[in-house]
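To begin, one chain is listed below as structure tokens, in the form predicted alone.
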Amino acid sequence: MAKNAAPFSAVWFFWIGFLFCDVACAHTGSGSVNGFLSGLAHPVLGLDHIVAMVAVGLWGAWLGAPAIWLLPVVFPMVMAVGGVLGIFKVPVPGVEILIAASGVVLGASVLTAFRPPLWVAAAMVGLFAVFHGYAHGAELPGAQSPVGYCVGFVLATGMIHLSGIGMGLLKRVKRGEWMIRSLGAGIAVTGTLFLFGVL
């Protein structure tokens, strides 16, 4: 029983935190960016970002080593590149569409237990990370403390990835595969709702 406590604890930690946050779009371009706390809250308050970041950790855990650590490392590293593009206002088309599509594709990958070669999985995660990073980087120039904002944002992103990994560990329990695929379906549906402007 004890060895199964960790994934359940991670799931409860994530969903309790999620239910008590005021969900809003994290990249509307409105509001101030005020340093560490703003960076910490920014990804947590964007449901479209949350589902994609959870999916990265969830998919990595489902695929197993080395994907379980590689995908959650690739995402923030490449996201930083996208952030730089956003800071310098480099034109990048389809940002909102690709952010929504990331939830659809990554969620569907979990749902269908898609097992591509590792480099393909990393490339998929990296591609979507560019657009997530761009959306946040576009707001960074207005920060009172850009460094603090970045630190908070990276920490929050890491925690969301860890929540996804924790959920992925449900594969160790009875009917765990069904639960993981159900989470993937929920992520894909949420991404689809964003894609069509319902959310």
Partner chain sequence: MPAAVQHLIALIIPAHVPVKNISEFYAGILHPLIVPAHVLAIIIAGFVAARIPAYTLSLTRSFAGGLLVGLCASGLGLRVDETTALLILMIIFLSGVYVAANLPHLQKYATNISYGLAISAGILVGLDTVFNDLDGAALWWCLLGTLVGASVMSFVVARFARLARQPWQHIAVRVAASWIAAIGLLMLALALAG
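Numbering follows the first chain given and starts at 1. What you see is a predicted model, and the numbers here were worked out from it, not measured in a lab.
Just so you know, the form predicted in complex with its partner chain exists too; it's not on screen, but the next bit is about it.
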field: Heavy atom distance at most 4.5 Å to its partner chain in the model of the complex, all of Val73, Phe88 and Val154
entry: yes
task: Report the stretch among 118-126, 74-82, 90-98, 103-111 that approaches its partner chain in the model of the complex to within 4.5 Å, counting heavy atoms only.
output: 74-82
- prompt: Among Ala67, Ala41, Cys150, Val130, which has any heavy atom within 4.5 Å of its partner chain in the model of the complex?
  reply: Cys150
message: If we define contact as a non-hydrogen atom of the residue within 4.5 angstroms of the partner, is Gly158 a contact of its partner chain in the model of the complex?
response: yes
message: When the contact criterion is heavy atoms within 4.5 Å, does Leu63 count as touching its partner chain in the model of the complex?
response: no
query: Is the gap between Leu45 and its partner chain in the model of the complex 4.5 Å or less for some heavy atom pair?
result: no
